[in-house]
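What follows is one chain in structure tokens, specifically the form predicted on its own.
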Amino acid sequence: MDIKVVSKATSRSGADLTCHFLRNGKGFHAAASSVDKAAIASGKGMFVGASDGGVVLCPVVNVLGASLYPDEALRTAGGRTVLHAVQNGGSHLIWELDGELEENDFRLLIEGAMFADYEFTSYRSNSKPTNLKITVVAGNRMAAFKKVLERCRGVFNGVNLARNVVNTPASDMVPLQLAEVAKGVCKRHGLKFASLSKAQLTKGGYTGITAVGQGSVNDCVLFSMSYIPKKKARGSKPLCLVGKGVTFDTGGISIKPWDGMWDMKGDMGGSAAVIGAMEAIASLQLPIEVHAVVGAAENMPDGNSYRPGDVIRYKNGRTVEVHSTDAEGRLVLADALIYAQQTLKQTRIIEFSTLTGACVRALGNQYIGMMSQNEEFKYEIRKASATSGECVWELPLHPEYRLLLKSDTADMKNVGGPLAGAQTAGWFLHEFINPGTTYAHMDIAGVFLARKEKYWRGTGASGAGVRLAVELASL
């Protein structure tokens, strides 16, 4: 999508769609009061639901009956203009925003438009690009809005990369191909890339990832990406992003039901988030050192698969009894966390993973489940959440949850039973965190897929985690 910011409107053709935004009776452009109120009275406006009375777009004709936070209402407003244009054959939108509009509100409108512009068409035989254009009439805010637009472009380079990776069929995104995507990001931006092959992982004692991957014909791999800025911000602390990269999850011997298993091509949504975040961070040239670690494997049932009852002895000495081969993500992530701490010497880690159905049942499709034992880090993540629009909700790590992981055979088992499933998974991962390491586990299982509402053009990956990680790196 081509977006251009100008100070004054130019000549228009009959194919142009002029968009006026009105919120609480106040317009974002100079002529809002007379033009938009007449449109509302004639029924030619569009209400995008919000508790404060809604956002009105003219001349878009539609009603979205949803209750939204104010920020999300603005994103939805921007996105719905794009959806309206696509659905009605429009090719050029003119947003008149030369009134009293804050830069942050403009950012939200642009984010919604960028979300709505995305469509995954790589596997459609008759797809045609929309080639939509948006001209933003900004008045004396032109220079400021241009800066906002450039940052949004950088962020959405990463968001869209993550969406493409998750949406790609698992047959075309096996672990080694996922590593190639990350390697391409590193090559494009001059980042350092390193990887461990299946043989190297076996020799190095990374037993969790190799156990999960041993039932597949596609080799597992662990890789890292390192971004070192030319100039670091004073006082900045290195940040490490860790992602779960299970490129397809059948459940292994503890096989999943068939219905919905096709979505398990997205069980590497955490790895897509960190790869996309590294793309955005490098594009924006943020002044902070950032590393990313991904453990990638395919969990398949086979004569060579790991089994319930097996005991895995990790590189750090911890032993884990396998009770379910479908709780594989935490086994892979344990090795990624060990690598991040022992090899990369990272002490400030945020990890993203599509880890538990329990988190989805607890928080629905609106929140990322956050689990951490560091109050300062949780505050920073909440701050990044508020700016990015990716909602987080803290789930407790009560000490007694650890008892649910007790094993009669090993140090612990990999599942804790039917209760507090998200939290016991979080506790499991905390068992692999060294003293002195700041760590947060982010369960994105409920948010990694779009639900075809608000600003989404269709279902598929949402790019969850990218914006949050970028904002955290920007604090």
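Everything numeric in this text was worked out from a predicted model, so none of it was measured. So that there is no doubt, residue numbering starts at 1 and follows the sequence shown.
Keep in mind the form predicted in complex with a small molecule is missing from the figure; the text below concerns it.
Trainee: May I ask whether M1, D117 and N160 all come within 4.5 angstroms of the small molecule in the predicted bound form, judged by heavy atoms?
Mentor: The answer is no: none of the three residues contacts the partner (heavy atom, 4.5 Å cut-off).
Trainee: Within 4.5 Å, heavy atoms only, which of G389, P287, G357, G204 is in contact with the small molecule in the predicted bound form?
Mentor: Checking each option against the small molecule in the predicted bound form, the one that comes within 4.5 Å is G357.
Trainee: Could you check which residue among D335, E351, D267, E279 gets a heavy atom within 4.5 Å of the small molecule in the predicted bound form?
Mentor: By the 4.5 Å criterion, the partner-contacting residue is D267.
Trainee: Among the candidate stretches 216-224, 81-89, 391-399, 319-327, which one is within 4.5 Å of the small molecule in the predicted bound form when only heavy atoms are counted?
Mentor: In the other structure, the partner sits against 319-327.
Trainee: Can you work out whether A420 and the small molecule are in contact in the predicted bound form, taking contact to mean some heavy atom pair no more than 4.5 Å apart?
Mentor: Outside the cut-off, so no.
Trainee: So in the predicted bound form, is the small molecule close enough to K244 to count as touching (4.5 Å, heavy atoms)?
Mentor: Yes, K244 is a contact residue.
Trainee: Can you tell me whether K256 touches the small molecule? I mean in the predicted bound form, with a 4.5 angstroms heavy atom cut-off.
Mentor: So K256 counts as contacting the small molecule.
Trainee: With heavy atoms only and a cut-off of 4.5 Å, decide whether F428 touches the small molecule in the predicted bound form.
Mentor: Output for F428 is no: heavy atoms all beyond 4.5 Å of the small molecule.
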